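What follows is one chain in structure tokens, specifically the form predicted alone.
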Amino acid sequence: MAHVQAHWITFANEKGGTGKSTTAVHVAVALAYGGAQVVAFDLDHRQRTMCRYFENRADTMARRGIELPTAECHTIDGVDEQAFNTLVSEKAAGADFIVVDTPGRDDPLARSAATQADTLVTPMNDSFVDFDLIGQVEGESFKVKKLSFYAELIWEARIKRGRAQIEQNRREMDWVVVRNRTGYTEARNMARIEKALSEMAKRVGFRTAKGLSERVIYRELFPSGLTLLDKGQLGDLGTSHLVARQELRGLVASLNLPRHGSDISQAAAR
């Protein structure tokens, strides 16, 4: 594939229920608020959570007669890797960012999208059930004993990316493990997970970022397609909503995405 010059962000986790689609939508809208052209691809053709979110957003704009920053979203179904790459090249021509949401299961296109990402975001809940996606720990000491297949896949992809970085003008892959819903984790277990993540990060080269807490507001916004950035459309916001917006701003900033960075932070702050 002739790599599209847009910055490619893939949200990938082979386990469901980690807030992957919610995080992807909010980051995409934050980028759009920063003035970026964002093209999104939803690889989960069964659930279509990301594209449904943007469809709900379009319906709300039409119903209220308003314009909001948004992303163009495409559901991908029944194509192989080559056809998908061709579609990305066509649909994302001239875009600033590509955002890909993958299904919560092992899938050939999801693996391809993960290995092609400039920024790979792996959301996880703070539990060793989710940590198992990255690596296995000892039952007594909680020390990391081996990498998972997924971690080895990304490790190998980063090595290949490093070899092609100069000759193909590719960016170095930035792998970010985003810790969602940390507020629901018992303190001792959180400390164990932090230690295991720190050890694993040194071995495979990812970094961690604080994600989105478990809040009802995220579920309530889905039918309207609105996000925490759409302040003028949300009515009076409570303290928890304002804290959630601050979390989102912190997450977007921690991804260190190129172009429009200051605009994105300012949009999230507003």
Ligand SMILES: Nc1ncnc2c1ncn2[C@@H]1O[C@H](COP(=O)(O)OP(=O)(O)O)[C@@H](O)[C@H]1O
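The shown structure was predicted, so the numbers you read here are calculated from the model rather than taken from an experiment. Don't overthink the numbering: it's just position in the shown sequence, from 1.
FYI, the form predicted together with the ligand isn't displayed, but the following is about it.
Asks: Consider the chain as shown here, without its partner, and state which of Thr49, Asn56, Thr208, Gln37 has a heavy atom within 4.5 Å of the ligand in the model of the complex.
Replies: Spelling it out, the residue with a heavy atom inside the cut-off is Thr49.
Asks: Please tell me which of Leu212, Leu226, Ala32, Leu43 lies within 4.5 Å of the ligand in the model of the complex, judged by heavy atoms.
Replies: By the 4.5 Å heavy-atom cutoff, the listed residue in contact is Leu212.
Asks: For the interface check, one of 237-245, 217-225, 65-73, 197-205 should have non-hydrogen atoms within 4.5 Å of the ligand in the model of the complex; which one?
Replies: After filtering at 4.5 Å, what remains is 217-225.
Asks: Just checking whether Arg158 would be counted as a contact of the ligand in the model of the complex - the rule being heavy atoms within 4.5 angstroms.
Replies: No, no contact at 4.5 Å.
Asks: Do Lys15 and the ligand come within 4.5 Å of each other in the model of the complex, heavy atoms counted?
Replies: Close contact exists here: in the model of the complex, Lys15 approaches the ligand to within 4.5 Å, heavy atoms only.
Asks: With the partner left out of view, is Arg111 within 4.5 angstroms of the ligand in the model of the complex by any non-hydrogen atom?
Replies: Heavy-atom contact with the ligand at 4.5 Å: absent for Arg111.
Asks: Although the ligand is absent from this view, report whether Thr10 comes within 4.5 Å of it in the model of the complex, heavy atoms only.
Replies: No, Thr10 stays farther than 4.5 Å from the ligand in the model of the complex.
Asks: Going through 17-46, which residues have a heavy atom within 4.5 Å of the ligand in the model of the complex? Please give them in sequence order.
Replies: Residues within 4.5 Å: Gly17, Thr18, Gly19, Lys20, Ser21, Thr22.
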